[in-house]
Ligand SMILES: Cc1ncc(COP(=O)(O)O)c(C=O)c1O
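What follows is a single chain, given as structure tokens, in the form predicted on its own.
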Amino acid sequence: MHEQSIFTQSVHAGERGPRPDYEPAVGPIHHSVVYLYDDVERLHQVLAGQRDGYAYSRNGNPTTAALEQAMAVLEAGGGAVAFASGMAAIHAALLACGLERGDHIIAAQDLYGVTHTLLQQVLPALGLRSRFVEVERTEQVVAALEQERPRLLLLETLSNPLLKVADLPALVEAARRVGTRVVVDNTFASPYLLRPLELGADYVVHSLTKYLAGHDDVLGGVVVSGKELLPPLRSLAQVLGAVPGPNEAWLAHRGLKTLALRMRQHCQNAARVADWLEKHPRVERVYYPGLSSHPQHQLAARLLRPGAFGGMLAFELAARTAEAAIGLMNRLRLILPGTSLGCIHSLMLHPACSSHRGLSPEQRAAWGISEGLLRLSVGIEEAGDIIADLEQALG
């Protein structure tokens, strides 16, 4: 070819060189949207799904694929699909179950507030209706499944914010008998505590933002399933375009590398903090499945990793008012007032004003989410320092 202009050189210099004979120890970030092949026919085969490869980043990206492969291993699944947020992931998981107009869903009453909004305000426009059940009352949920034979059962491993425990083996077995798909939001537990696919769930959903990435610097979601259920999920990701960027995928994958270490510390710290809070005179009640006072403590001990009950807890102030709850949060010095969870630092929020503010006061009261309830995501700091901060704030 003739000598190229600097305008041309500046576009192409340093790109698409020969394949090196080395491999980086840490996977690179692939920012490219477009992928090239020497043979255009191969590109067409990749686009048609006839061979592995990448053509356009909305359909697949090597950095995102590495994250998905890691999640499939951690959740003991056949594959995974990453999304731009946890809500995008759960929305896609529901649609991937083949919902059609007229179908109905049975869902845990104590779902994350925005998931509740999705079921009550978005899906009805598609001709879908939802019935909410108290997931801790296993017999009632089983009876509802047998009576209504819904297309889908949606629940959380540990509920937000009252840490109710779903008896997954019993509920999955009941759903199987009536041909109901099971979608489990495993964000609070993470695969460190429990792997729902091993118990027969169809799809497992995570907010990558929380424990998986773990550093409060990534927004993302992921759905894991068996290989046979992946095609509709992958298709939805491509059509809806709710896919993560390569930077987010790389950061989330990096976070996974320390998940087990962080979760061990989260669990140990939360157990100490919950035990301390339960004895404090200004705390009326503590919700933590690791406490013997938790009504489902034995179930949690049977289902979760031995000796580990998660890093999330909630507690009710004796004053039972929003003023007392917000006043306590304003006095915190180490624990951060924030609307997320599962990251390395401790975070506290007031559910009535944040995660469940979309519900009416009557709904919150019916579900036990009072004005004096606080949710605490216990971080990986020294447990004694977390307790000292709570002590001065409560005092």
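Values in this document were obtained by computation on a predicted structure and should not be read as measured data. Numbering starts at 1 and runs along the sequence shown.
The protein also exists as the form predicted in complex with the ligand; that form is not presented, and the subsequent description refers to it.
Novice: Out of 286-294, 83-91, 67-75, 243-251, where are the residues with a heavy atom within 4.5 Å of the ligand in the model of the complex?
Specialist: In short, 83-91.
Novice: Answer for residue 185 alone: is it within 4.5 Å of the ligand in the model of the complex, judged on heavy atom distances?
Specialist: Yes, residue 185 is a contact residue.
Novice: Since only the chain is shown here, I'm wondering whether residue 209 would be in contact with the ligand in the model of the complex (any heavy atom pair within 4.5 Å).
Specialist: So residue 209 counts as contacting the ligand.
Novice: So in the model of the complex, does any heavy atom of residue 255 sit within 4.5 Å of the ligand?
Specialist: So residue 255 does not count as contacting the ligand.
Novice: Within 4.5 Å, heavy atoms only: does residue 219 come near the ligand in the model of the complex?
Specialist: Within the cut-off, so yes.
Novice: With the ligand left out of view, choose which of 192, 112, 276, 132 has a non-hydrogen atom within 4.5 angstroms of it in the model of the complex.
Specialist: Checked against the cut-off, the match is 112.
Novice: Just give me the residues of 230-251, first to last, that have a heavy atom within 4.5 Å of the ligand in the model of the complex.
Specialist: None of them.
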